[in-house]
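In the block that follows, a single chain appears as structure tokens, in the form predicted alone.
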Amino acid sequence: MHTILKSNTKEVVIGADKPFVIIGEKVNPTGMKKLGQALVEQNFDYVKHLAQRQVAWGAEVLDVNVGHPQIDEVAIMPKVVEAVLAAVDVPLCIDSNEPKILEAGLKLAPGKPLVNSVNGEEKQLATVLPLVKDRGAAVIGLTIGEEGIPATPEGRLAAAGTIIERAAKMGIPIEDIIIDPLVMTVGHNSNAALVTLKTIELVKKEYGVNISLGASNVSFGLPDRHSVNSAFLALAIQTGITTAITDPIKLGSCIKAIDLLLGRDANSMRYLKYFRATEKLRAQEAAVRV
């Protein structure tokens, strides 16, 4: 099954038989004070820098989130989308849990964007899915039900089913639904990653849809988060995820290596091309810092 996203000139195909797709996570002020301040001041040069850098390091889609307590997010979202589009031409993932903010971003996002996200709660299904349908977008479905995040893989599968079934009734194609099985930190619950991996297996078997993760959540609160994130990504990709909202600068090399080891890179060409390109980027960025 293929989920197709489009910008003005580029098409990205997400699928189990395709190379893994990185959705760049850095246009998001959560935990990024510099970006938050830039949004407050409506100085969008830093937004453009983040967009360009992520694409240079291998992001094929960019997540755009403007969640910040000091700004009018409905007013700022279109301006950030415009800034990103002025810097790069890749499909966009409009990221908010508020329908009005999603709508503001979707109006300016070209081609076929991705919506992040909807969940299995009735209020979200009733407000977000109509936006997805009207815009002809794809959407990430979080495995959350009316009672919150289910503790078991079976509960998360049921939440995924609720989203997929409601979307089908509205005429949204199943290939335009990407399920996020959610991962909690293993620092709090040592079985958290296992629950997520089992959920991936169940969703893949039952529905065959594409599956995404916000992969860095697994390591929250732990030392050497990069090692934990890299190991978890390898396990999750082997189990069945096909895309992730993550940091291409930190994890791009790891993801290209996983694709190579899973036989998705004939003659190592993508891995070698990425290595050479990022070697140059490292040298250029080091020179700028000096």
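In this text, residue numbers run from 1 along the sequence as written. If you're wondering where the values come from, they're calculated on a predicted model, not measured in any experiment.
Only in words, not in the display: the form predicted together with a further copy of the same chain, which the text now covers.
Not one of Q42, Y46 and Q52 comes within 4.5 Å of a further copy of the same chain in the predicted bound form, counting any heavy atom. Picking from 241 to 249, 34 to 42, 59 to 67, 223 to 231 the stretch near a further copy of the same chain in the predicted bound form, with a 4.5 Å limit on heavy atoms, gives 223 to 231.
Interface residue among L129, L142, V90, A193 relative to a further copy of the same chain in the predicted bound form, by the heavy atom within 4.5 Å criterion: A193. Checking L108, A151, A158, L197 against a further copy of the same chain in the predicted bound form, a heavy atom within 4.5 Å turns up for just one residue: L197. At a distance threshold of 4.5 angstroms between non-hydrogen atoms, G187 is in contact with a further copy of the same chain in the predicted bound form.
Remark: S253 counts among the residues lining a further copy of the same chain in the predicted bound form, judged by a heavy atom distance of 4.5 Å or less.
In the predicted bound form, F20 stays away from a further copy of the same chain, with no heavy atom inside 4.5 Å. At a distance threshold of 4.5 angstroms between non-hydrogen atoms, T9 is out of contact with a further copy of the same chain in the predicted bound form.
Interface residues of 241 to 267, taken as those with a heavy atom within 4.5 Å of a further copy of the same chain in the predicted bound form (partner not displayed): S253, C254, A257, I258, L260, L261, L262, G263, D265, A266, N267, in sequence order.
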